[in-house]
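Shown next are two forms of a single protein chain, provided one at a time as structure tokens under the names structure 1 and structure 2.
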Structure 1
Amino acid sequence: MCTYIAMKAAILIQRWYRRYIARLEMRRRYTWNIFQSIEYAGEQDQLQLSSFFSFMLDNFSQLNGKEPDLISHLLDPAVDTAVDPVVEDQRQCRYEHILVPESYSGPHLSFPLSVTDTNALLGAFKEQQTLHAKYVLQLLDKTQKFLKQMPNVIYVSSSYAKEITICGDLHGRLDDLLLIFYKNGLPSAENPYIFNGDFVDRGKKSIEIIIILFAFLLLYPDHMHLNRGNHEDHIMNLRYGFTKEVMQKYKTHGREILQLLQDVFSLLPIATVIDNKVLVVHGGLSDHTDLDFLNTVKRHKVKSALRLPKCSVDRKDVRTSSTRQRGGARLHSPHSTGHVPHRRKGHHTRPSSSSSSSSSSSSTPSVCSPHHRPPSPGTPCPTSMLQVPFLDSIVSLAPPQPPRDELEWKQVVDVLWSDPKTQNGCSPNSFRGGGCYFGPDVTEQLLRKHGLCLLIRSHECKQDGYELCHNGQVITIFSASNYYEEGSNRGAYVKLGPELVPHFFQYQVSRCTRKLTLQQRVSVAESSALKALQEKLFAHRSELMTAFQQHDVNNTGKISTAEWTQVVDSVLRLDLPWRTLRPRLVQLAPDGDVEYESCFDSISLGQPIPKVAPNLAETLCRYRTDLEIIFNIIDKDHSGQISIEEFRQTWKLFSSHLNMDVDDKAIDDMARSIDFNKDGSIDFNEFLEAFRVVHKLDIKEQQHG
């Protein structure tokens, strides 16, 4: 009898525990979905913001008759400074005349670098010290000159070392990099590394990370390899924090550092091939990716993957006009590849492929621009022809070729921005806003064509730090632990030996000595994710309320759960399990219907400014991050102050670009109301703080704390 009772109790405990773990797993999964959906929605917003920057360059002459110097250089450089020897000489003269004061207590660098220098950098950054601007500029200058000699695709061998280590995204998290070096050893001839892009943005130590990586690159040029990521892009840096970090840490020489970094980033190699068998790229592939063509790309011209080359934009304007007149011909053309890539000292040169063409099942539009994707270089073009009347007959002429810059740009975009999917085929990556989704068949096709067996990529945060897909032919490696929130994910790196068998190593940086339980980790991450989602709801309050009220014909303040789910899904477009999330976001009435206004109860604006209409306040809240970027660009002296006229013109441009109907009088009233001391200037940090979403629960906790 006692045995029976004990067995029954054990079964009950087991069932309870399984249900408990299942509930935790459900919370963990929807928390992860919230973080990823909001992250990718932010990248879509970035594409819209980069489009505004182009618009701003064309229209900013209204402000004092000239453009701000930094934005004009960053977004539309007049010369290709990455390869201009005159500009290089000027920069070298400039940093040579910078004096290092005696009071400076940080590391001093001497070139060529030695192990002593890299050790000094690591020790200084552990102690929260900052490298002097003179040494930063000198390091970047040396790195630029070195990278100019490198090919687009680097070929390395593992036969000279026991194993080679591949690391994924770091995103400004210095603690993760230091932990990797502690566990795996510093880069050296016996311990080679590949860092697969996205060194900067989001984290607070981006400049320290690239200083360390570039220093080891110069110290061990044949054993330290850096691929470009989609965040090695000056327009991405404007939104995701790296530009702001540099300007805060280097107030005097920050602009020079950023201008030089723009060139250095554009010179980073695009891919690395290990033992002619393993391809390492940051994002992924498309059905048009061609390594032979990629080797011939003038990568320094692709300053930003978010901007179509200017000549292509101008050409498309002409093409659109011509198409309207002639009836709309599709413009596709074949393209041949060019020279043999430069061979890196001490490395293998990959044997040429038997064919330089790549097949494509369909022509899909590029998501980074509204234009059609060109066919793969070297692929026979469709039979689209322009019919031109000539005397009494019709003569068929081949359409004009798309410019080479555009073909190169699209190849780079796909490699930096694409993600794998489980279904076959290739389609636009509409969720992220750039690149493609590529299926197992696309992976198999490219690997087989180039004699490869494995693709290693990064670009996506994974809960365990790594993930295998496409029948084990694709590995995703992500090295920034706690990416979304403390405990949200592990970081990882992968090691390959001569047998090319991957070995994964996981880790997680922890700020506290006591490890959090699974329940605590899930709760912390879930709370952060729900706050971010509530802010998203608040930023779209007007649209949501309009849609809710269309279903609430009797004005009861209630709608069904199905109607509420349909509305939030259609307005926010985040692809989330809204029915599962509903209890955490909104209250139910006694009859089971949703009280839809309750989803805004827990949040409010910081300190609403008088004379600002609610709809305008909501718009400002929604685009607060974008406005902060724009204002920081306009504020050349970093005083935190901009003129009222600059504020008016910038906001008019922004609202015009987004096709928002904002009354000029409302903008003027708002500008006057936030000029608190009536000196004709606006403290936009205080202004933006007024439109920051505040969680009422946080306020209560602070008051009771």
Structure 2
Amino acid sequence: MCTYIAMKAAILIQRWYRRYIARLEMRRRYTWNIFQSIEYAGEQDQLQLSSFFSFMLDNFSQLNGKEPDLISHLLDPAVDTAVDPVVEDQRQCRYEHILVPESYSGPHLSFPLSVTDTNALLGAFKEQQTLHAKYVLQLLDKTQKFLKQMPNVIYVSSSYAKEITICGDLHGRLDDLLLIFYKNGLPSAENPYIFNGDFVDRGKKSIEIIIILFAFLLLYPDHMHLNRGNHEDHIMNLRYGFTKEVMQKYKTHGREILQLLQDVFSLLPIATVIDNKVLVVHGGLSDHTDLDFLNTVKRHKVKSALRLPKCSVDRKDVRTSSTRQRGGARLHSPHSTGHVPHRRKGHHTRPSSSSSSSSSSSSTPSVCSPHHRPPSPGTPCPTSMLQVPFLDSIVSLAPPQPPRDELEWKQVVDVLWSDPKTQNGCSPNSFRGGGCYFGPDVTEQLLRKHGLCLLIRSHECKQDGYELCHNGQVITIFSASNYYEEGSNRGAYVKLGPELVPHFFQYQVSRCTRKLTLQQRVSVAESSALKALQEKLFAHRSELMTAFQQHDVNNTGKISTAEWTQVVDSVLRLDLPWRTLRPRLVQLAPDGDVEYESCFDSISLGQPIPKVAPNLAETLCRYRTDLEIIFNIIDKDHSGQISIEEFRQTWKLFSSHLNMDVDDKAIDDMARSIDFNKDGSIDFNEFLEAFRVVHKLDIKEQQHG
């Protein structure tokens, strides 16, 4: 055959195929952007919720007396177990008196732990067994005692073993941890490990993961190292599933376990340094990060990054001007409207001060509280002093604390929450709402100051499980594969030998035996991302419709692409390529205009809605997760029931916090209508279930399947 023709044919096919792959790559990328935007929006929501708790505290005195029940529930003083030896003794007694019934078929532990115990645990968890609460409490207690005597920054040497392995976020994915152990061997003196935080939340096996990690920590204290992540934080756990997981698996002792874990988490070391050359931390750095200072921090005081140490109101004005680069303090955002700014580039594309006007015409409630403070991105609001009663202590409320506490808090938050960026400098991490973005110069400066050569961090999901940046000075390592969706990303771990040259190992947990094509993988992830996005659109329905209709003066049901893009962008505040996504979210008219109402078509509510006013229904949809967290806190005995009175009071407080005008009668009507058996109590899970949005396609599939 004429080779010239063959070559031309080959070029044509290559050209065509590369364009095809590029199209897929584009879809894969924006899918990724959707997942990430929604993930970080959730983090913002959690910060917002914490401001609700503070709002409750702000209004505490005013309401006290009128609603003693609710307030006492929310502000119930638990004792700070970390500092009270009496309570500690009591707790020890407590687990000693727990009996393991003979019917228990799970693993047994005997302390001090041996390899037999860790093997038993691994074997049992593979068989879906649960460790008995007595052993969990005992293990946590020993772990706490061990961690207490550890410094904030651990210095390890790779000289004993040939190599050291560093793993990133696991997020409750036991399969990933087991795969790492399978590929790389179990931890031992010859095979040391560093786990770099975010062991829990999101996945369904968080408790199993920390049990395994803590057991190995006690077994090989010199060869197993655990850094704290931003999810080792009881307030994060309320939203991201760990609290729920523990309460489901440990019905009787769940609360004790959680309480103890809160201390254990706060005692986890913040950083590990290998051979005085490699710094390993969960998030990253800021231009304020100083390892020597970090080493002097009283880390157990930072129970949650979402909660600043208590400070009095008059002191906060002073601080506004002095600390501009504050991480995690934008709890009251300049956008004091119902939506939090999730915009990553918000601060350069549009001035934040003007954007709050975009929703002024909408009927949606605003999160702005009556006691709203002057918006300033640098203001460390006392709002962040969140008190979650059954998990936390009120004790820290009382005395005004020195600024030192706040500096310490910031040191820890920056290390746990920050992300690298390619430009120089250090700026607030407005996308996540906590920590900083740090540039290569910040990395360079810190490494040089401490004579280090490399920073290994985790905290961000990466397509390939790892990524290098800052001229190779920063490694991101992420160990939870399929984090966003089956096939969305690989997991990885990194090994360092004595030469400190990183070697990466990638893997992907797969339930599928057949390898999917790129096209199939992209489509699966894309459709789940689009579903998540449709839910977001649905939750903002009335706000969006009002804005759409303003552009649709003639009531045609259609608006231009540019108008649609602009409305969706300004209402949802997710930084997404709406124009590209448009054909996948809405029906287009033949002339290319957008039939805007069609973006709500694929969604409906899970169950027939209880009798509530339409605007209430939408609010319930949008704040369902928040309400679930609040109700769960009020429901101290975890019966799934709260009293009508508690329901009414919470709802009143929450709606006034949202600055929403709901008349008392509407709330009373709603409360009465959901007290089905008229016993004065409300099954809030069932109630909230009605406000879970579902995809019509899924309903059909269920019906046909």
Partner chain sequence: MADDKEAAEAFVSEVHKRISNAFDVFDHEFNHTVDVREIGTIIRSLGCFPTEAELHDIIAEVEEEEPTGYIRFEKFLPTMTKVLMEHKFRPIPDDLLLQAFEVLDQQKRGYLEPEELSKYLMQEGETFTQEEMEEMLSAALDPDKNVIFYKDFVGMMTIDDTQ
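Worth saying up front: this structure is predicted, and the values here are computed from it rather than measured. For clarity, a rigid core is taken as the largest C-alpha set superposing within 1.5 Å between two forms. Residue 1 is the first residue of structure 1, and the numbers go on in sequence order from there.
Shown as structure 1 is the form predicted on its own, with the alternative form given as structure 2. After superposing the rigid core, the C-alpha of I11 moves by 2 Å or more between structure 1 and structure 2.
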